[in-house]
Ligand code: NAP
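This document opens with one chain alone, in structure tokens, the form predicted alone.
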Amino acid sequence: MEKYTIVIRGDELSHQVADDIDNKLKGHFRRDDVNPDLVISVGGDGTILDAVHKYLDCQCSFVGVHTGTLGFFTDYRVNEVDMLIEDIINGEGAINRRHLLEVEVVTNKGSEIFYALNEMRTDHGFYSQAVNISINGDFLEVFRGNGICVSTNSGSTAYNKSLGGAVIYPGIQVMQLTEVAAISHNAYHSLGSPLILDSSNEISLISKNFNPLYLGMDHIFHVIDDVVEVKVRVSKRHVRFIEYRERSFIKRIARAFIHS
């Protein structure tokens, strides 16, 4: 690693921590905010998502310092900055590759590809949607409700979890389709439970309510007109997280959701 950059949450503590990291790394590496080898996120999981989307096309690795409220993706706490500096200088980290979700939005004018580390969402809360859902061309259901969430295994602990979706162990290339506030009575029925699909599958979403389509990709929001179809699949692209110390996934879950 020769070049680094820092992505910072907007609060005072995060800026103080980032300045400390910057001062301690400058004597060893060169700061490059355009094409870094290492991206250091200082904040919470939202800051990690900011960093990933900002440097999505960069061949770099990510590591996080937790100054936020959750910190599921972050490996270091505020009082562990010196440990982080030492680990970066020693440079003996293991790469954890997290695959992205790939969403192709087909419109009357063509198609556009979007990527997410955690999930895509079509829910917006303005009105109920009727969405035709197919898997690999096989019709599954007409969903009626607030919308659809499709998450990666990384995103299984994010919005998906609040919808009652399963938490998925890392390393498995899957996506999880979860319904948002489904309408279920004598006239309307849907699967009513999360559906986990491996990377060989493609989800198709078609709806008259997609004009416009309100599409959430992680923390980024898009409004797209004249949508014909939304195709969702596990991307071949991945994001590299560098782990200088082995972190148990079970301990991460316990720290984030059960124990303080």
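One-based numbering along the sequence shown. The shown structure was predicted, so the numbers you read here are calculated from the model rather than taken from an experiment.
If you look for the form predicted together with the ligand, you will not find it shown, but the lines that follow are about it.
In terms of contact with the ligand in the predicted complex, the residue from V81, I133, A158, I88 that brings a heavy atom within 4.5 Å is A158. In the predicted complex, the ligand lies farther than 4.5 Å from every heavy atom of Q176. Using a 4.5 angstroms threshold between heavy atoms, F73 counts as touching the ligand in the predicted complex. Using a 4.5 angstroms limit between non-hydrogen atoms, K26 is distant from the ligand in the predicted complex. Using a 4.5 Å cutoff between non-hydrogen atoms, V65 does not count as a contact of the ligand in the predicted complex. Shown alone, this chain has one stretch from 103 to 111, 117 to 125, 134 to 142, 186 to 194 that lies within 4.5 Å of the ligand in the predicted complex by heavy atoms: 117 to 125. Annotation for 12 to 49: interface residues with the ligand in the predicted complex are G44, D45, G46, L49 [heavy atom within 4.5 Å].
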